[in-house]
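Consider the single chain below, provided in structure tokens and representing the form predicted alone.
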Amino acid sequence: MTMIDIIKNQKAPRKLGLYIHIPFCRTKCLYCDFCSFVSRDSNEREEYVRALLREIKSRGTKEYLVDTIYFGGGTPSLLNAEQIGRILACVRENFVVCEDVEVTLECNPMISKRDVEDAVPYGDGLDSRDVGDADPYGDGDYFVELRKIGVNRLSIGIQSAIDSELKLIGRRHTFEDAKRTFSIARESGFDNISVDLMFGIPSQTGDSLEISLRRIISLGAEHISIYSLQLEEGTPIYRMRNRYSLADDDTLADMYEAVVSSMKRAGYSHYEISNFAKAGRESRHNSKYWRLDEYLGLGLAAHSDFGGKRIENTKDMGKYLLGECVENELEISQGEREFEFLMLGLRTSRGISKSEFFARFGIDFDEKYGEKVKICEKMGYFLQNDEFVALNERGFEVSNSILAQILDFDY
């Protein structure tokens, strides 16, 4: 047997994504219900990093090949570059990491003026390493350091290009801050940047959304994610909802359609219901969620889909700092997995592969779902052939009702 034959017969290592949760923020946005809280204490953040390193060491495995790492939050860029570097070094020591790993870090735009009370000691001066606050050096040192330690993708939370809308939802930056941050990131060598855009913001109109679209598209980001404002119970904006004029479902649908049209005209591929990318710049990490690939969540309140289990970390910071990381582990039934495979797969423009469905579940897709799909196809919501079935643009717009009809659930 030749060496080529041996290589062909070897099983390729299973791929694994790592999600790393950093729960700290400078301020809490009015709409946010994520596990995050305000931190102005550098010692608190350092204590958390040390606990995170312990968890990484305890859950490390050499049986997978890590091909994506995603720092989410919260505001991960509140950690300085040295802390991010220690986390990545620990990952490399305890996991097998591929050479072209995608390493994403979420950050907020740097604000152009900072309050003295927000200053955090760092060496001989202020902590310019806190993206989300001004960089007093003005030369993007933080981004340069991120590039050196292996971060190769940024996700910048812009949300709107209208300053009054940003203020209404509790964002600290202006659009000028966002433009400046994007420019510094580019000058620092980042050639893969994603930005966020929100619609359905109180007081937002079709015209103001069009302005935001035009301004954000003009930045030239490789990837754009869109979100409709959700009023989550317990958030300040939910408690104040009666003070605002909020968009109804029809208006939200019109806004979504306007976003899709603008993105397509600008050359972005609509590869997932809420995500647009230039060719080859789709989020490799987020695509794992939609394909039901395995991922491991590390940090406070992080979730995992790993080893056939749904794993949920504690939301209790005290417990986490003591090393009591995992709160719940649940086996995922075949029925749940089938439901998720269809629900998430149909969020993407690729859709569902019938052969992959059969390989995973031993079920003929057309026998089980074919009649329902045909009904929706006649209504103009689906595209399908012998191998794939996918929602078209019309289907994306009413995806919840279509999925509810096919999968028999209420939404």
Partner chain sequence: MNERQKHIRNFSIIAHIDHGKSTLADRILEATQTLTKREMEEQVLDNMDLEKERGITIKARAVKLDYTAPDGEKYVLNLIDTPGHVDFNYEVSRSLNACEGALLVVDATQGIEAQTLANAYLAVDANLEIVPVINKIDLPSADIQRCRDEIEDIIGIEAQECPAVSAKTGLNIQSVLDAVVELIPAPEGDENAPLKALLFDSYYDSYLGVVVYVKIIDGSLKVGDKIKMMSADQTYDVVDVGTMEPFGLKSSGELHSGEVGYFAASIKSVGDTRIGDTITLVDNPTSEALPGFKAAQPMVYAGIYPADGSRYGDLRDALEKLKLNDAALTFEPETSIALGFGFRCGFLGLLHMEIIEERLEREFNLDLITTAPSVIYRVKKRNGEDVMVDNPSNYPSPDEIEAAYEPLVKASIITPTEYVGGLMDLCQDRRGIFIDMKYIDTTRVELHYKLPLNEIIYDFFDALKSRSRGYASLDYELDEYNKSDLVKLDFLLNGEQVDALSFIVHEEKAYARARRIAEKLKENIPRQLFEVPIQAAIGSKIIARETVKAMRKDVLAKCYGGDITRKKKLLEKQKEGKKKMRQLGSVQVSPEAFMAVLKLDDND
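Residue numbers count along the first chain shown, from 1. These figures come from a predicted structure and were not determined experimentally.
Absent from the display: the form predicted in complex with its partner chain. The rest refers to it.
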* Asked: Using 4.5 Å between non-hydrogen atoms, is D100 touching its partner chain in the model of the complex?
  -> no
* To do: May I ask you to check whether D293 falls inside a 4.5 Å heavy atom distance of its partner chain in the model of the complex?
  => no
* Evaluate F361 for contact with its partner chain in the model of the complex, applying a 4.5 angstroms cut-off between non-hydrogen atoms, and reply yes or no. => no
* Asked: Taking 4.5 angstroms as the cut-off for heavy atoms, does L252 touch its partner chain in the model of the complex?
  -> yes
* Just one of 221-229, 146-154, 87-95, 176-184 has heavy atoms within 4.5 Å of its partner chain in the model of the complex; which? -> 221-229
* Asked: Which residues in 363-382 have a heavy atom within 4.5 Å of its partner chain in the model of the complex?
  -> M379, Y381
